[in-house]
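Here you get one chain, nothing else, as structure tokens; it is the form predicted alone.
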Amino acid sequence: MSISYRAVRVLPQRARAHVWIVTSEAVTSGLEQVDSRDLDNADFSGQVGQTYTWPVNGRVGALVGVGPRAEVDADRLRRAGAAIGRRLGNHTWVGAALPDVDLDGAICRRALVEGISLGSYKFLTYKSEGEPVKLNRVDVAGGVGATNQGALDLGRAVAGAQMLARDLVNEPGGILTAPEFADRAAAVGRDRGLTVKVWDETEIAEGGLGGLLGVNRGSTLPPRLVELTYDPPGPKHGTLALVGKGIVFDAGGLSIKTGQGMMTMKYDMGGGAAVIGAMSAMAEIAPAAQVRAFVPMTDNMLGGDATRPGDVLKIRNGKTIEVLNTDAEGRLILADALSLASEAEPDAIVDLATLTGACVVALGPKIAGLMGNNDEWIDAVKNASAVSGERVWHLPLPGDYTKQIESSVADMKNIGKPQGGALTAGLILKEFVAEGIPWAHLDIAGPSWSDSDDAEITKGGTGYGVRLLIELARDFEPPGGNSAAESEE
């Protein structure tokens, strides 16, 4: 699906559908497009996401609500766009008029485009009778010019990157194997003008990536690690490193998951997919910073030589981990990737991983857990989250919890106590970030997958984190100051 967006002055007469996005106050005061009695009969009051359609002169007219004028923000515009995509996706050409609100026009346009594109997303690769979305053109009325068109183009690029991540997550694990994932990521990188490096199993072994090798031991398919690099055309404004967990299917290893627990485990590479998706948009977004991506890839299976509980793995930075639960594998491959990213000496690192069920228990399915070692960088991630509409919640990394991961035979264990699992996982990752580098960890186990449609989110892989990463890159400022003090409570 590819929808083109164009900034226009007025709604085009030849469009197959005309849409007016309206506030609840506009509905109350009366609209010239439709009789208020019809709206009363349809119980349409202009609340966010509400839609009302009617035939007019061989076309379709539609109203989409965004709620009270004072509450309209980018998220509500995104939700309105999603309603348009779902309700009017069977029309090839739609004209949309923005509401009269006190919100920057560029923000309105970008959010609307993101919502329309993401709301009309469908994954039909394996559907024998799937009906693709017909919508291929949207004209947004209210003004022309480079600024207006640029906002639409930005929204299209961001949504396209997120839909790429969704496509990757929705692929079956038996098809999107580690080598296949690497090939697709490399193809995206080359197509978008990025520098690409793919580590094969020989290079991974020679490079001392013991965590990735250890998780891969139970598989008949080799591991991969993909590096993608975006270099800005002008002066470099620092370097941002993105790290994504790429477990293409997680059976749990010898600490095997239940059948129910495996049903959605093709999504366990959601962090890696988000990183690849975000990198696909870098040339178009054109941040001033260099952006480097590191995505380790393997499945976690139960082959005859699978890593056993009690085995010790040596990570690239030389530290050792005693593996007591082979289903706590994401932190093992991220340890190698974070070590590798640290060697590049970036100004900041952020990693994304579908890491722990504990985080889902704590924050539910729509909010990611945020941890890190630097207050300024944590705040930057929060600010990017506020713009992207992808929610995060700051969790602590309590220093005294480090005792839970002490091992008598290695530098650390790969699990702590049953309680606080998201925090002890974060503490393990922290051990593989070089001292002095600001780092943030996003546990996205909840919001990377959805069991139902909701606004711009569609059932299945969500592509969570792509918009947030793009915002971080667009406005990247190398964090200054000292690392945040750890809580001892």
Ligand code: BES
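From 1 onward, residues are counted along the sequence shown. All values derive from a computational prediction rather than experimental measurement.
Beyond what is shown, the protein has a form predicted in complex with the named molecule; the following relates to that form.
Annotated contacts: Glu201, Leu213 and Phe432 are all free of the named molecule in the predicted complex [non-hydrogen atom within 4.5 angstroms].
For the options Val188, Val101, Ala328, Leu152, the residue carrying a heavy atom within 4.5 angstroms of the named molecule in the predicted complex is Ala328.
This chain appears without its partner; in the predicted complex, the one residue of Met265, Val72, Leu254, Leu370 with a heavy atom within 4.5 Å of the named molecule is Met265.
The named molecule in the predicted complex is not approached by Leu442, whose heavy atoms all lie more than 4.5 angstroms from it.
Although the partner is absent here, Gly174 sits far enough away that none of its heavy atoms falls within 4.5 Å of the named molecule in the predicted complex. Put simply, Thr356 is close to the named molecule in the predicted complex: some heavy atom of it is within 4.5 Å. The named molecule in the predicted complex comes within 4.5 Å of no heavy atom belonging to Met412. With the named molecule left out of view, the stretch that reaches within 4.5 Å of it through heavy atoms in the predicted complex is, among 242 to 250, 286 to 294, 162 to 170, 393 to 401, 242 to 250.
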